[in-house]
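Next up: a single chain in structure tokens, the form predicted alone.
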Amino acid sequence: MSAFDFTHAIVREPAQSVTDGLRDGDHAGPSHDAVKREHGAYVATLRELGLEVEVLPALEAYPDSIFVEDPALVFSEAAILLRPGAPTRAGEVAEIAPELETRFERVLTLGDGFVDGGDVLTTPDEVLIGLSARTDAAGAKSLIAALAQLGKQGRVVKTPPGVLHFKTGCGLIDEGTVAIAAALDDAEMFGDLKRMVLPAGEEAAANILRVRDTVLIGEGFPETREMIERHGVTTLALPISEIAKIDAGLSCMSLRWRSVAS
């Protein structure tokens, strides 16, 4: 069974306030209608790939709440409530907690520090936790302890300067290969995983999302897409240009897992 054979996903409808989402720099934000179109295409794609997708209602008080992966981490057998590092996102945890409690027998919490789900890469052998402006050492330590309760091993790595989240710069192509921006080209960081460095100028393509037999990738990255296809994996390009205006990508818009009953 592949680590990417998801059966279920949770997403959240983008709020009107998504236009005020967090972003680095002073560039213009997205339009709500454009984000809604991109989000709709994303949800439709997950369903076409065979996932049962539940769309949670928008949360106007939380502009970034469309990015459900940051306040939680899910596995087949349990969920872990995280602690987002941006103060404006802290309340999202309490909003998603009851949704997870109805779907998972175990829902764990973190005791200290901060962890954004965008800094957490789950591989077949371990869970990598990237320290960043949104994830600190105390939070990583708490997450490692929670993972240990589930029989999983966590390991801390350091997100390079200039990379918002660890998964902004990397994503799994298959169970043994990770696509990475050049800034993350570090053998020690990824252990036994084969590293596929993305072409210059297409670093923003790194936040890919493997779902079953397909790698989802943002539109506008032809060289990266060809590279992944040559590796033997089918790709599908999705529009994410508006979502990218609030420093986000494909993985952060859903929580995905395989049901234990499947």
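Just so it is clear, the structure is predicted and the values come from calculations on it, not from any experiment. Start at 1 and count along the sequence shown; that's the residue number.
A second form of this protein, the form predicted in complex with ligand CIR, is not displayed here; the remarks below concern that form.
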| item | value |
| --- | --- |
| Interface residue in the predicted bound form among A140, V157, L164, L81, criterion: non-hydrogen atom within 4.5 angstroms of ligand CIR | L164 |
| Close approach of C252 to ligand CIR in the predicted bound form, 4.5 Å, heavy atom | yes |
| Contact flag, I246 vs ligand CIR in the predicted bound form, heavy atom cut 4.5 Å | yes |
| Proximity of L238 to ligand CIR in the predicted bound form, heavy atoms at 4.5 Å | no |
| Ligand CIR contact at G118 in the predicted bound form, heavy atom, 4.5 Å | yes |
| Proximity to ligand CIR in the predicted bound form (heavy atom, within 4.5 Å), stretch among 38-46, 62-70, 219-227, 191-199 | 62-70 |
| Heavy atom distance at most 4.5 Å to ligand CIR in the predicted bound form, all of L22, R89 and R134 | yes |
